[in-house]
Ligand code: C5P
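Single chain ahead, by itself, as structure tokens, in the form predicted on its own.
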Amino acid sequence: MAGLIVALDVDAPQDAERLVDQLYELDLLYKIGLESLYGYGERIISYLEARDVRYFVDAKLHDIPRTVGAAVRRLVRPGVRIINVHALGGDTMMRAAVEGAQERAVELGIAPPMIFAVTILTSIGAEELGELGLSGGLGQNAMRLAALARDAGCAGVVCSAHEVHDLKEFFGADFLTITPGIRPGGSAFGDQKRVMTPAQAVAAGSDYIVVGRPILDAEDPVQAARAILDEMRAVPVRA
């Protein structure tokens, strides 16, 4: 079954910690995005590790290869399962991230985290690709960047759920996908443009879906998370 990643996109560390406590009994990963990473990164990482909870550092690293490799080494710790970079950083940068993660994990005697590469942000629509100097459609660009990420040794990509089916058809089931922009039926889209429901994303082949506001803003976050997990489990297993 696909995994559910809850985005800890909240202002205060105590709110993030409270959410982890509330959802502790569920089989989840937690995403430490830029807001929490820059605002209270060490505190929330230490808290997650004290609770023996798996997490994803959504750092979206994009810099020269040496800097990205060094940054990844700093992020590798026992609890981290996923770290991401931008595929637009290119082959050498992504290879530096993968190598940095593997080398640091060996030094610590732990399993290395998976490195994922962001393709095209789910807040970007087709009309904006030309402004970025990118030719072709959203799917073409996601496929091209995914090929770079695979060849650089990344475990998978962060992409829209709309691109997952074609990516899986081309690269196979072992090349993993994380899909943000997931909204249960009736939820506001916010700044997301390419959106799917949890069931649609899982049916498309997503390995991990990321959900933030529909859980964070719910009156009962546990009930909201359980409802999403139930929706994901109800999707027939792909042959």
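Numbering starts at 1 and follows the sequence shown. Computed from a predicted model, the values in this text were never measured in an experiment.
Just so you know, the form predicted together with the named molecule exists too; it's not on screen, but the next bit is about it.
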query: In the predicted complex, the one of G212, G41, P65, G205 near the named molecule [non-hydrogen atom within 4.5 angstroms]; finding: G212
query: Contact flag, G69 vs the named molecule in the predicted complex, heavy atom cut 4.5 Å; finding: no
query: Distance check, P180 to the named molecule in the predicted complex, heavy atom within 4.5 Å; finding: yes
query: Contact flag, D9 vs the named molecule in the predicted complex, heavy atom cut 4.5 Å; finding: yes
query: Touches the named molecule in the predicted complex: K60 (any heavy atom, 4.5 Å); finding: yes
query: Neighbours of the named molecule in the predicted complex among 93 to 125 [non-hydrogen atom within 4.5 angstroms]; finding: T122
